[in-house]
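What follows is one chain in structure tokens, specifically the form predicted alone.
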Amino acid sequence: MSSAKPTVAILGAGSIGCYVGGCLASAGAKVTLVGRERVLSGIRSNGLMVSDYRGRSSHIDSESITLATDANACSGADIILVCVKSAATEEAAMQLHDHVKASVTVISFQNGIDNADRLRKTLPGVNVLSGMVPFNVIDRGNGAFHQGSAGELEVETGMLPDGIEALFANCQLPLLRPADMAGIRWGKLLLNLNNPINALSGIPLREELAQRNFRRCLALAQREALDLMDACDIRPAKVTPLPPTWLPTLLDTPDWLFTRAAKRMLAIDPLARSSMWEDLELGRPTEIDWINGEVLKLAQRCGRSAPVNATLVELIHDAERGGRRNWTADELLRVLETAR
């Protein structure tokens, strides 16, 4: 392939997929976005706009990107980024099985722990790598996607096609290559335990994290998860400036101290919300079973319980059915403390 213009296909072109695809296209990549017509129609009409909280602003004409709703558009790509929701991983793998060449590299940029392994089962012989997206992306509608928080993409060690790392670096999305990708996934999961709390709060992330009792809800979920990880000999990696075991203590601090000590954590666009909130808004199933549900799986493995995370799973499933979504910090904290 030509190192000047690698061919990239993104399966699951939602907020993350469209943002990353737009950044890559702005750096000269040939990009194919495979997603829902609801999302693609806005790009067809307006082009693709990517921006971030640091001032990035790029517009890509719709004619410069291939837009498709079927995975067969991924055939011929040098690299495929899988960004579908965790529940759709097996379906995505089956679609790719029929359309990709053996020499392709597939990167799972999905929430959860085992999506790359699930892809590998259906794509034997294909170079499948696990990745992690630490930042939040806001779908502003009409083809505009905005990175609302900090962080660098991470991809496990393994061969990448020629020119790919340079391409990501050129579009200001450098790829970090950690040796302990499993630890990275568990470290990211600890942060993602906030997704249901934000979705249930009904308010933007920065506003939610500015309220101590919402942070205390997250601290309860994280402590429970950390205890189970320790029991199962899992070592989450450091994905913030603080070691994972320090996070609940920081979250518990008074607002004035948290604001001073966690400036980077609060470097979030004022409108940013969790993807779980967005799923509820659109009436879609959430990824709760692949986020807090992973803690429940650990508890089952250890013969223990995880009542805080189990309660959050139940509340989100209730919200998926039309249940309550406007919890105050005091109310949610009371329910989680009672569950322990």
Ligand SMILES: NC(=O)c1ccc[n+]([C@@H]2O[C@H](COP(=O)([O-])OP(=O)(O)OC[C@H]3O[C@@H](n4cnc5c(N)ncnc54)[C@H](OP(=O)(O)O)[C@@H]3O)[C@@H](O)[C@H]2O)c1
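Counting begins at 1, following the sequence as shown. Note that the structure is predicted; figures quoted are calculated from it, not measured.
Keep in mind that the form predicted in complex with the named molecule is not shown, yet the notes after this line are about it.
Residues Leu193, Arg223 and Thr311 are none of them found to lie within 4.5 Å of the named molecule in the model of the complex, as judged by heavy atom distances. Residue contact with the named molecule in the model of the complex: Arg301 places no heavy atom within 4.5 Å of it. At least one heavy atom of Gly35 is located within 4.5 Å of the named molecule in the model of the complex. Interface residue remark: Ala88 is counted as part of the site for the named molecule in the model of the complex, having a heavy atom within 4.5 Å.
Contact check for Lys188: a non-hydrogen atom falls within 4.5 Å of the named molecule in the model of the complex. Among Leu296, Ile60, Leu280, Val39, the residue placing a heavy atom within 4.5 Å of the named molecule in the model of the complex is Val39. The contact residue chosen from Leu119, Val137, Leu228, Val155 relative to the named molecule in the model of the complex is Val137, the criterion being a non-hydrogen atom within 4.5 angstroms. Proximity to the named molecule in the model of the complex, taken as heavy atoms within 4.5 Å, picks out 109-117 from the listed stretches 155-163, 171-179, 240-248, 109-117.
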